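Below you'll find only one chain, the form predicted on its own, shown as structure tokens.
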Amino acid sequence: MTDLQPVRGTRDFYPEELRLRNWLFGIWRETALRFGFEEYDTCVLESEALYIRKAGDEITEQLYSFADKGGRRLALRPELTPSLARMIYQRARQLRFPLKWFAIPQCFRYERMTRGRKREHFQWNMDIVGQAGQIAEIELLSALVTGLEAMGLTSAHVRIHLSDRRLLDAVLDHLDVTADHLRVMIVIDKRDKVTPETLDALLVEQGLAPAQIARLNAIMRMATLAEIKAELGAVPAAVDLENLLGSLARMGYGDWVHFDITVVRGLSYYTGTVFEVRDRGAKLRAIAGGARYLSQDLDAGVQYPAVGFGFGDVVILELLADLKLLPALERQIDFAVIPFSPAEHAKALEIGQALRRAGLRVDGDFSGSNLKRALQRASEIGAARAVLLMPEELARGELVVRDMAARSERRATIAAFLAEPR
């Protein structure tokens, strides 16, 4: 028997679910446009090598990859940044920097599923490429807060955890860790996914001594940037973070942003600021995450400073449902046109099309149901008014307009109604 379920980890969207998705996408799109970003998109298929070259080990292991009929190794995109870098590389000489681009791609990862984690998801990506200094971080974090507020969230619901990959590099240098720092960071990024004992064992595998691990764990428990500075001194990453946190506080985002050295983000190309949006109750995985990275023009040898974030649809919808902040989204139909019998179908089609030309949303009911059931259906689909085409009225050039909310009716000539539909 044919399996009628969607592929494990994927979703169908029935109309009521798609209304919710479109509501979320509308907030994402409107927020990005308000901040002066332009929308772009890429093909969902990419060369497998693009992700193996640019992504961290975890994403490489989670690729949906395959050989096509020509023997080429391809992959469904697991994230968008490598595709963005490829697009910039293709037209770097024609583009004007800084770029402020956003997208809402569908991404695929073969990963273990938990609450808020599926094997496909949509995400809101915003990137600023070619903007030096912390202006890019401030703009992106401002847009992030603006989008969260548009969903009905406040700093009492969520918080942005902020750190810097260079700070963790400084910590590892401070502890005389000679192992590959990136591999150690990828292990540290598992702190919320494995037990402390398992984490320590993984660090031993990377070559850290027990004394180094104990001191690293103690530093990772430090709650403030002041404590970190007391341990490391005024390293550049700590100074930059202090300045960034101060700038965000002056913009009114102090309650939203929180220093957290445990934020690592597992991708290999991240070079500086890293941040995650988490719910205050810590019941869900990260809602959004982003970082500073470099986008490189391989021919010219130019590296463009960049900052970007990805914001998934699965987790945020879970959180909004938990907080009872999801909107009630009904269908919006201006008129339901209801012919009494097949004899009135031609006139119903004509009137419906005239209303649509006037910019109205119109549904025609040609089901053959009796009037009571047809009016019930008009109510169910959210029609504001019903236009009843009855034989006697039509013979006089009239129709009946029913206000569905007020349950009142009026008669009007067809010409008068079409001149001013109401």
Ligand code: HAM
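Quantities reported herein were computed from a predicted structural model and do not represent experimental measurements. We number the residues from 1 along the sequence you see.
Just so it is clear, the following notes concern the form predicted together with the named molecule, a form of the same protein that is not shown.
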{"item": "Segment assignment from 206-214, 142-150, 160-168, 285-293: heavy atom within 4.5 Å of the named molecule in the predicted bound form", "value": "285-293"}
{"item": "Lys118, His258, His181, His345 - the one with a heavy atom within 4.5 Å of the named molecule in the predicted bound form", "value": "Lys118"}
{"item": "Option touching the named molecule, based on a heavy atom within 4.5 Å in the predicted bound form, out of Pro339, Gly310, Pro105, Gly272", "value": "Gly310"}
{"item": "The named molecule contact in the predicted bound form: Leu326, any heavy atom under 4.5 Å", "value": "no"}
{"item": "4.5 Å heavy atom contact, Ser83 and the named molecule in the predicted bound form", "value": "no"}
{"item": "Contact of Glu231 with the named molecule in the predicted bound form (heavy atom, 4.5 Å)", "value": "no"}
{"item": "Interface membership of Glu242, the named molecule in the predicted bound form, 4.5 Å heavy atom rule", "value": "no"}
